[in-house]
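Read the single chain below, which is given as structure tokens and is the form predicted on its own.
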Amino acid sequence: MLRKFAVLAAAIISMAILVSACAKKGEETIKIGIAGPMTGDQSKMGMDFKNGVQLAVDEWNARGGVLGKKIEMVVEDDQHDPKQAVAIANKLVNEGVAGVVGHFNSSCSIPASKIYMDGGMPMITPATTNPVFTEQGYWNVFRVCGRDDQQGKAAALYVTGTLKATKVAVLHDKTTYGQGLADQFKSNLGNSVEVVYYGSVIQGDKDFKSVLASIKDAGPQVLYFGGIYPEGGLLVKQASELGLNPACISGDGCIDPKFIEIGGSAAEGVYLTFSPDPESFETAKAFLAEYHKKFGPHGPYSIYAYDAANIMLKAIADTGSTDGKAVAEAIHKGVFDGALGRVEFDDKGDNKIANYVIWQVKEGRFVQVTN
């Protein structure tokens, strides 16, 4: 009996030591969440997020971390599914992360933001562009990118002013992002342009030829698509196969090499809206060199994720605390010098300095064509 008691006592002591060690480890790290589509057809964007944040975290940890603690990344895959985004938002709140860099899709960021707010947690999205995200009146939300009312207007002005189009077809993928962007584009066209077709495709579908045949019958000079590259690439490819060859234009969801890979030769000449080329930013040179060394070519939102992580960590350092409201207040009040230049946020959490330019696919790569 005594032997059994001694064994039991030793087991209890060992478990207590293990629990204590785990608790100590938790206390010695500051957790930062990264949320986005890490698997599936949009995983390229999620991995761009992860790599950008990883680079920022590695740099902070090499300098000793923040508040004397190492930074730990907690990476979660929302699979660009709003329900999954809400589930992982609850998970990150329960894990006690100090802040979240994410999500990618507007349809994920918007419902997740309420969970983070209720959990007292700031979130900075590198890529969510739908205006609703910062129009909810939440104290905890920020975005380093621009908004779709800016992006849609930039596309519309190019279509009417430079391309001189008078007949336009508009397609979207029925998502919060895709339809929102398409509608912003449509609303900025003005009275001189006739929208000869307005319709949608379903995200995840592979065959769009029936929709494209109807668009061909309408005879547009320009086809606009609000959506992401998996569908965007297939749309331009199948349009070309049907002999439908208007000027095509889309938004930031398609400005990734995957779009060119999927669209093939049909992607040539397509216009897109996005921010200016980071290669032209003196402030981005160090980031680009290190990112390319560690991860290879950067994606469109790699640098935004890097800046978002640095803003979050600097606010924690400046506040001297991981209290969510205090960190959010520091972000609201702060001026941050990032790889993309200076970042300041307005009362809603929007970046005060956001600009959209026109890009075009030329000789199999994206080239900035306006300033």
Partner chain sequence: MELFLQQIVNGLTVGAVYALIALGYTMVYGILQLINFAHGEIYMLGAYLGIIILAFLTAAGLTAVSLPLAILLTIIAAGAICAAYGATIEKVAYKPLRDAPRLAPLISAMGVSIFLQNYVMLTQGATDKVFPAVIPAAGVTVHGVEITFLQIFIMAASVVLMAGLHLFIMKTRMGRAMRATALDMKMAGLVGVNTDSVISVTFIVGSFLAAVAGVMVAMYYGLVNFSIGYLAGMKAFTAAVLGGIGNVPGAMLGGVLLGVLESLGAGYLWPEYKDAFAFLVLVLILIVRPQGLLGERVPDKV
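Quick caveat, the model's predicted, so the values are computed rather than measured. Numbering follows the first chain given and starts at 1.
Here the subject shifts to the form predicted in complex with its partner chain, a form of this protein not shown in this document.
request  = Report the residue, out of Gly341, Gly65, Gly40, Gly334, that has at least one non-hydrogen atom within 4.5 angstroms of its partner chain in the predicted complex.
outcome  = Spelling it out, the residue with a heavy atom inside the cut-off is Gly40.
query = Which residue, Lys237, His298, Lys186, Lys114, has a heavy atom that falls within 4.5 Å of its partner chain in the predicted complex?
reply = Exactly one residue meets the criterion: Lys237.
query = Using a 4.5 Å heavy atom cut-off, which stretch among 229-237, 269-277, 103-111, 287-295 contacts its partner chain in the predicted complex?
reply = Of the options given, it is 229-237.
Contact of Lys83 with its partner chain in the predicted complex (heavy atom, 4.5 Å) = No, Lys83 is distant from the partner.
message = in the predicted complex, is there a heavy atom of its partner chain that lies within 4.5 Å of any heavy atom of Gln136, even though the partner is absent here?
response = Looking in the predicted complex, residue contacts with its partner chain do not include Gln136, since no heavy atom lies within 4.5 Å.
request  = Classify Lys153 as contacting or not contacting its partner chain in the predicted complex by the rule of any non-hydrogen atom within 4.5 angstroms, answering yes or no.
outcome  = It does not: once its partner chain is placed as it appears in the predicted complex, Lys153 has no heavy atom within 4.5 Å of it.
query = in the predicted complex, does Lys164 have a heavy atom within 4.5 Å of its partner chain?
reply = Output for Lys164 is no: heavy atoms all beyond 4.5 Å of its partner chain.
inquiry  = Where, within 234-263, is there a heavy atom within 4.5 Å of its partner chain in the predicted complex? Residue list please.
reply    = Residues within 4.5 Å: Leu234, Lys237, Gln238, Glu241, Leu242, Gly243, Lys258, Glu261, Ile262.
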